[in-house]
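This document starts with one chain, in the form predicted alone, laid out as structure tokens.
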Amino acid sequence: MNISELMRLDIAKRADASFKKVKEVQAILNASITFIEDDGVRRDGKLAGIPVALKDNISTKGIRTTAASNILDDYIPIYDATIVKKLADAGAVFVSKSSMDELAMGGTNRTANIGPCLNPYDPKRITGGSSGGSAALVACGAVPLAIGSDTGDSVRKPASYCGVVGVKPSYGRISRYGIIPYASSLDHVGYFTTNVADAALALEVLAGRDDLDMTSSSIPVPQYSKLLNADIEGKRILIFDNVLKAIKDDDILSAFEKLIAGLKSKGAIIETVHFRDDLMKCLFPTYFIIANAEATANHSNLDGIRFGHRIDGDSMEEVMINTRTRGFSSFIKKRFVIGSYSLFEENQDRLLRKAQKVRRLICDEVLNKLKTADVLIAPASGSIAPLIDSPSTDELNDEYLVVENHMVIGNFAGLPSMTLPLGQKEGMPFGVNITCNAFDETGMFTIGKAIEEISGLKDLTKEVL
């Protein structure tokens, strides 16, 4: 059920099915790390009695929070993240800490220390990551709302692969206080629902200034749910030509063409724009350098002395070495090596600062185009969810560099971005992504609502039991 449907039930019964279902689907999807027995049903608020799953990098007082890493396997926070307090104040009921890529550093949800999270539409396929557990729990109908985080496309790519709505609002729109970080200049709190109306309501609850997060915005939070409509007459929509030209899947291209025709029929003004190819091919390497450098700095305190499950040694140095060697997977250690290399003083001009300059060029290119438009649109991915045991991707080909990384632009520039279901192929969903001007979430939801009406793919779920 979606939020609106649950609101019609007696408040004491709204979370009953979710408590049971998140546990029952675990054997099939492996989507949760910790189950939460929250018996304190609230009687008021915009989300009164509504069950919610939280990504396991979100601090929950007294509840284990591991970020899917062995090094934090026994970490129990002494405080709640700001968004946990906001959700609780709105009456939400927490049912699960959801699976994720280790420390949110990945795009497949295969690197969690409990093993990979599986796609409800086909358990032989990935959910995408790093917020795959949250996406899976919404996609299978276990919860109507799940919280994730998005550093490159970690909410929006799983939304495409799992056939749900994934929202990453503007940088600063939602407080990050209490979120275990990946890369501070790129991290956003995001979330999943099954429809745009629920997404608009959720942002009303989650958004707002927080003095505990100095990067959070003081711009007033609109009543998104009351402003929601599908009137896109005169809206200027930019088609992301670089992405379309790199996609090889005819079914995805055909579905996208039908969507564009539908948007035109609703009065939207459609324009195709092409961005500098050299900049678009730099999306992934720029992200990889900046994100891993910031992650290396952010996680330097996971050493067994200040934080982290301690592995004993004969000296402080040996404790740190043992803890980090056994506490992190090889995948994470590889990223820390790359991040450390970029932070070496002799390499900063050649790597990190150059990547930061390229990031600025990419942002300028996109922001200049959006000055006279409302939204940039493209398929969220060039394929359905890959098989878990599929061979490694060639990360240097054009399709990967552009198609599978274009949503990082929303993180580079801090722009609101949302993925919605677009179609299905071989029984698997695929999505479309829209990116708008900063703090124009109202416009984003309006265009999203129109897309939802055209596609007819509202409230998609896939039963797995």
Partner chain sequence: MKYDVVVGIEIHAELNTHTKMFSGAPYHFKAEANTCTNEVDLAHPGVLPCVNREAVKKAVELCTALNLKIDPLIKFDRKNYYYSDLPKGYQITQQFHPIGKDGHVTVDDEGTKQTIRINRIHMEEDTAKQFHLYDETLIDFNRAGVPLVEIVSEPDITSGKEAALYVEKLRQTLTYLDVSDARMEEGSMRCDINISLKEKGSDVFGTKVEIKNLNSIANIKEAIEYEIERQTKALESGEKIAQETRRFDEKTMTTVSMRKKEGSVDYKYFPEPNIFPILLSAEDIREITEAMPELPDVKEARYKDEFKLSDYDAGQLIQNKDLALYYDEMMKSGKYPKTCCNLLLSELQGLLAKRNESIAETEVRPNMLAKLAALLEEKVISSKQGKEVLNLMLDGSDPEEIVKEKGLRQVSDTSIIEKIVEEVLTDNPESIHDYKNGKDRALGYLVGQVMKRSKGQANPQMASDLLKDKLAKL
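Residue numbers count along the first chain shown, from 1. The model shown is predicted, which means the values in this text are computed figures rather than measured ones.
Missing here is the form predicted together with the partner chain; even so, the following discussion is about that form.
J.: Evaluate Thr215 for contact with the partner chain in the predicted complex, applying a 4.5 angstroms cut-off between non-hydrogen atoms, and reply yes or no.
T.: Close contact exists here: in the predicted complex, Thr215 approaches the partner chain to within 4.5 Å, heavy atoms only.
J.: Using the partner position in the predicted complex, report whether Arg306 sits within 4.5 Å of the partner chain, counting heavy atoms only.
T.: Yes, Arg306 is a contact residue.
J.: Just to confirm, Met316 within 4.5 Å of the partner chain in the predicted complex by heavy atoms?
T.: Yes, Met316 is a contact residue.
J.: I'd like to know if Leu352 sits close to the partner chain in the predicted complex, meaning any non-hydrogen atom pair within 4.5 angstroms.
T.: Within the cut-off, so yes.
J.: By the heavy atom within 4.5 Å rule, which residue out of Asp250, Asp278, Asp389, Glu345 makes contact with the partner chain in the predicted complex?
T.: None of the others qualify; the residue that does is Glu345.
J.: Since exactly one of Pro181, Gly208, Gly91, Gly382 fits, which has a heavy atom within 4.5 Å of the partner chain in the predicted complex?
T.: Filtering the options by heavy-atom distance leaves Pro181.
J.: Since the partner isn't included here, can you check whether the partner chain sits close to all of Ile78, Ser300 and Ser340 in the predicted complex (heavy atom within 4.5 Å for each)?
T.: Each of the three qualifies.
J.: Pick from 92 to 100, 126 to 134, 68 to 76, 264 to 272: which stretch has non-hydrogen atoms within 4.5 Å of the partner chain in the predicted complex?
T.: Selected range: 68 to 76.
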